[in-house]
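Next up: a single chain in structure tokens, the form predicted on its own.
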Amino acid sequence: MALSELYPPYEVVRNPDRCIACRVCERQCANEVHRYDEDLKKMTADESKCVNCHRCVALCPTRALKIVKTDHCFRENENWPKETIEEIYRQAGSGGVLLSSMGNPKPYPIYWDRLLINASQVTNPSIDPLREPMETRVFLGKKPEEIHRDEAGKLLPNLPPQLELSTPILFSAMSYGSISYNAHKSLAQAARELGTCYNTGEGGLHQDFYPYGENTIVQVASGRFGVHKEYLSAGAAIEVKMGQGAKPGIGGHLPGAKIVGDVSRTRMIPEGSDAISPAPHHDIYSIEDLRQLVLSLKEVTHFEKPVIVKIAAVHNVAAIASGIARSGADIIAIDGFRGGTGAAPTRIRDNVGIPIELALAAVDQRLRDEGIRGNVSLIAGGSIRSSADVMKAILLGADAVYIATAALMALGCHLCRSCHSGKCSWGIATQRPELTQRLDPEIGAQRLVNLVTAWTHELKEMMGGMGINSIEALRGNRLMLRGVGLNEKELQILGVAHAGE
């Protein structure tokens, strides 16, 4: 069966009584779905191109449009659902690997939704966050095992480099090239206003964004794109990307079509050439090798910046984190299998890795059992969707969290999961000038500030209800969590009791 013979997954429903043929939908659609038919004097649609990005629906002045999921179906078969059949048809026609964007959409358990937070009543009274101070600042980095004082009893400043954040929420790695200049600018401006950090991803740092260095985490991936001394010195911290939750064990690939202009210059590769990061770092095959890179990065930045090592959540993640904690790294970032991506092989995205909730709990407990929890801070990422998820992540052992998909949604993303096409109608995951200009970085930054500000207020409310006034007192405090609908093994790994106990 040819790909063109597959019935489109979405249908464009146009109300003829409301449509005024203003052609806004035609101008706004990056996928060329809509067209004005001069002979029929009306708008038509090629639904085979629709990705359900909602751009046309959002901007239609008369609300004449809506996108609906087709009710066309195959014969019912629990073992061979429609999606599986269509994927086989596509691969039989193309011989290629299926690519997907954004996070894992499969109906695996979402443990955040099966964890409940405790609240104070009488003996440990709640706190009113409107009248009493609530500390949401966090300091990420290695903590000394003991305090030293001079002869006069004054504390000696022996604290290793720390990343100071006003809120335990950072913007995760999204590279310049995979997302647009305006999207990066929105993230950078918001991070500075919020007093937190955004992450460059593996695409280097555009020269315009060096002034945001105090709120920037610069990433070093296997491809080493855009990595040089000034780049490493520009950020507040350096992150070594060993793995990514959406595609553990798989490298990065930015198509040559996106390597244009400033993207090419920032990544220091020729225009039009594919930017391929191999799966392994070819100089890292052991914890000792990783330690050498970590020390090299610290040396080149005069031991003034904390070094993060980012890993994907996989089956033996606790053992891996134990090694990293001994490598000299200051922070470990763990990315769960629901984490977003600009492009990943569909089979990898949907079948490899483990949930961030289980990985985080296992890592935190392993480090505590080995007496080295203070050696590193933990950042958790991979589908943090709300302030409640942030709170639960901290209670499971995180010092802070990364958000990415939620941040893109604040910028306008509608999760149409076609980032890899480069035709983002909202100007986010694209390098086409006529599309990137659709995202106003000033408005984008303000929406990001609004989102994180709202989440931070909600964190304070939840902390107050728990009778706790600082994020630091929450970290790893699993007594404040209870599980619902979980089996004994899941409760054991998470380290929480069942509701009612």
Partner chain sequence: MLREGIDGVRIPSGCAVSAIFSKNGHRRSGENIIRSIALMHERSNGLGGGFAAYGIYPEYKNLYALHLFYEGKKAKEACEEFLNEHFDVVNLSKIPTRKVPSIKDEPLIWRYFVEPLHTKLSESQLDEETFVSRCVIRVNSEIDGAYIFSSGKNMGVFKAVGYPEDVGEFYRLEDYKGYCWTAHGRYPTNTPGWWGGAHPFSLLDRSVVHNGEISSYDANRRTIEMYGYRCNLLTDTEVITYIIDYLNRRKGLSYEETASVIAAPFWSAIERESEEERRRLTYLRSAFSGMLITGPFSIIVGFTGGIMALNDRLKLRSMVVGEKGEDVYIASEESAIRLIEPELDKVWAPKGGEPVLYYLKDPEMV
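Positions refer to the first chain, counted from 1. Not measured: the values here are computed from a predicted model.
Another form, the form predicted together with its partner chain, is not on view; read the next lines as being about it.
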{"property": "Among the candidates 70, 470, 450, 62, the residue which, in the model of the complex, approaches its partner chain to within 4.5 Å (heavy atoms)", "result": "470"}
{"property": "Residue (of 367, 307, 169, 311) lying close to its partner chain in the model of the complex, criterion heavy atoms within 4.5 Å", "result": "367"}
{"property": "In the model of the complex, residue 372 touching its partner chain (heavy atom, 4.5 Å)", "result": "yes"}
{"property": "Interface membership of residue 109, its partner chain in the model of the complex, 4.5 Å heavy atom rule", "result": "no"}
{"property": "Contact label in the model of the complex: residue 12 to its partner chain, heavy atom within 4.5 Å", "result": "no"}
{"property": "Any non-hydrogen atom of residue 156 within 4.5 angstroms of its partner chain in the model of the complex", "result": "yes"}
{"property": "Its partner chain in the model of the complex: contacting segment from 185-193, 128-136, 402-410, 315-323, heavy atom within 4.5 Å", "result": "128-136"}
{"property": "Partner contacts for 137-155, taking its partner chain in the model of the complex and a 4.5 Å heavy atom cut-off", "result": "137, 139, 143, 144, 145, 146, 147, 149, 154, 155"}
